[in-house]
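Below, in structure tokens: the form predicted on its own, a single chain.
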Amino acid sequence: MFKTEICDILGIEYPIILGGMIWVGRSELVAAVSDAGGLGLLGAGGMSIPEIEQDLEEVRQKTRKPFGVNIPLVRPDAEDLIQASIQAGASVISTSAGSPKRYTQKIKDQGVKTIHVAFNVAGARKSAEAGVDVVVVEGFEAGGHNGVDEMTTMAMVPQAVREVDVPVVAAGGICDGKGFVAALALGAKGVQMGTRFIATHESAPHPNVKEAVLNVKDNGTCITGRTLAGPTRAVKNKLSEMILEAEKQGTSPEELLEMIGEGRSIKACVEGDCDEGTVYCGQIGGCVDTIKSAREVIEETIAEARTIIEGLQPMVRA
């Protein structure tokens, strides 16, 4: 058993959180992660209020364990999404891409736990000052939207732990027991995993996306969007090559946005076009080579972590 403060705060068995992934973390995966002892987070970034309500109703039908919702604060209707999520039964609200001060106290006043995702130590400090219950620090190796400071998980976690007085969860580059133990060694009280949960039976994206993650090698992802809303890590493909070349040529943000168009993540995750669509994936994708159930991911992570720690003890005694 790996029980940390995260477990007590969030009411979960294992300190493992599902990253709030758009088009990936829908009801089936959320329920599966929570039911297996972790914390499932609905990736509500691209969802409407009726969709959130429907998905959370399905989650409630599948598990009695705690679950939550991740809401990017850049959404103009973020407050409405938060309220709808709470009314639909979420016991945790995870926020990202915005100021943690905006809604944290309002959420806590309703008896709901709060998490905020930070991309540097200053962001972790602001999250703690805002009163969040848990701060997730996400390294630059993570898939999806990343911080402009390009801080890695290994470097950021111990600095964040030193600076804040709330439990820190490590995210980015973690997919198994080895990463779990490393995070604990750095001072984190738990982990948040995204890429590993994409390649599960319960995840929502098109099978082509899962296959793309399985085929990723160590250098199979890249960062685009530095000139747009911010750096984004995804699988290298025809789309990413086009974007990188345009950025190299000095294409203006306006021209680049027009060139890319809308709905590229939908094109991949919903339609299955992994050449013209965006396939968010972290660098740890090179270690993911099998589709498993969410329960297998969690239980194998914990079992491997226990084995690793037991294997290290003789070295300490020596």
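Keep in mind the model is a prediction, meaning the values are calculated, not measured. Note that residue numbering follows the sequence shown and begins at 1.
Keep in mind that the form predicted in complex with another copy of the chain is not shown, yet the notes after this line are about it.
> Taking E141, M151 and D218 as a possible spot, do all three reach another copy of the chain in the predicted bound form with a heavy atom inside 4.5 Å?
Replying inline: Spot residues vs another copy of the chain: full contact, yes.
> Though only this chain appears here, would H206 touch another copy of the chain in the predicted bound form if you measure heavy atom gaps against 4.5 Å?
Replying inline: So H206 does not count as contacting another copy of the chain.
> Is P167 close enough to touch another copy of the chain in the predicted bound form, meaning at least one heavy atom pair within 4.5 Å?
Replying inline: Close contact is absent here: in the predicted bound form, P167 is far from another copy of the chain, nothing within 4.5 Å, heavy atoms only.
> Given that the partner is absent here, does I174 sit within 4.5 Å of another copy of the chain in the predicted bound form, heavy atoms only?
Replying inline: Looking in the predicted bound form, residue contacts with another copy of the chain include I174, since a heavy atom lies within 4.5 Å.
> G179 near another copy of the chain in the predicted bound form, any heavy atom under 4.5 Å?
Replying inline: Contact with another copy of the chain, yes.
> Here the chain is shown alone; which of T232, S91, T104, Q159 has a heavy atom within 4.5 Å of another copy of the chain in the predicted bound form?
Replying inline: Exactly one residue meets the criterion: Q159.
>> Within 4.5 Å, heavy atoms only, which of V74, A155, M242, L228 is in contact with another copy of the chain in the predicted bound form?
In response: The residue in contact is A155.
> Picking from 265-273, 283-291, 59-67, 29-37, which part of the chain touches another copy of the chain in the predicted bound form when contact means heavy atoms within 4.5 Å?
Replying inline: Selected stretch: 283-291.
> Even though the chain is shown alone, can you say which residues of 107-129 have a heavy atom within 4.5 Å of another copy of the chain in the predicted bound form?
Replying inline: Going through 107-129 in order - heavy atoms within 4.5 Å of another copy of the chain in the predicted bound form - the hits are N120, V121.
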